[in-house]
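One chain follows as structure tokens, the form predicted alone.
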């Protein structure tokens, strides 16, 4: 199975943790359709940890929690599929999941077969409680082989948090995406830290095996389900817009983590911006790269990607608290003064045409802010 663009969808974990049941999942699937999120590209409905009973059945199979999911996972999959959506689930390479439920260690093939019987389309596979006698890559190869031979196409999301230099071995496992960091939190500090960690990982992202920078916190209000760990001051709408722009620019999967039934109009506008999503979902999926700023600080970040039709995406990100003036040209992108083309640059959040100054972008960006451009070369 090959997937050509980063997956888009919704996951239960960030907002709900163990407080999940089939009513919540069905209502969310309904709202994904009714709100236009499905039409925007969000198609996976993924149940994270805490969905199973604490013990396997007499045949060694995982069993859905009878109180949370009384209709069973196959019925839930049928409902999600009836909405034109796809169904995702969670397991872990260790003996236990991160929340202490049965993991898939030494049960990889029976679990893959079970997921196939339930008509699962996506598996998030975590990294907790695995034996230290083997390196992580061996556990992910096991599940990768099991999924490839289960008789159903299932997207394999390797959630090893970037541990043990995941980027160096993940493509040996058959995984379609791989988590490059620990869990995101709904704070600017977390968004900034994850962004900064990407510099050395850029060369490892690519078609068919996408660098997953973790789920989106757009639309979350700062409250959380775990006292202490997730308690943060939350983010402003500007923080969330920059967060979404970075994830789109770097080609990360777009998995919504908020309660979409309660999201604000501002959050919805961010999550459904067609031009930003088009950059994320561009078919060429060319590698993003950083442009050089003359004497620019490390937290003044300008990145570019060439898109499928010859356009370019340019992301300008101010990771600092105060405003900063960005000045840069296009030579490093392969666009020279004598290329024989006119240059048209549009900022996609405002829809406004950027006025170039001597063939350069010269713009001030507020702290935590961004500008996301699409550049076109026009025949003179």
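Here the structure is a predicted model, which means the values were calculated and not measured. Numbering follows the first chain given and starts at 1.
This protein has a second form, the form predicted in complex with ligand GLA, left out of what is shown; the following refers to that one.
Although ligand GLA is omitted here, in the predicted complex all of 13, 161 and 183 have a heavy atom within 4.5 Å of it.
90 is the sole member of 210, 188, 90, 250 with a non-hydrogen atom lying within 4.5 angstroms of ligand GLA in the predicted complex. Among 98, 278, 113, 307, the residue placing a heavy atom within 4.5 Å of ligand GLA in the predicted complex is 98.
The stretch from 58-66, 23-31, 319-327, 43-51 that comes within 4.5 Å of ligand GLA in the predicted complex, counting heavy atoms only, is 43-51. In the predicted complex, ligand GLA sits within 4.5 Å of a heavy atom belonging to residue 215. Proximity of residue 121 to ligand GLA in the predicted complex falls outside the 4.5 Å heavy atom cutoff. Among heavy atoms of residue 179, some come within 4.5 Å of ligand GLA in the predicted complex. The closest non-hydrogen atom of residue 126 lies within 4.5 Å of ligand GLA in the predicted complex.
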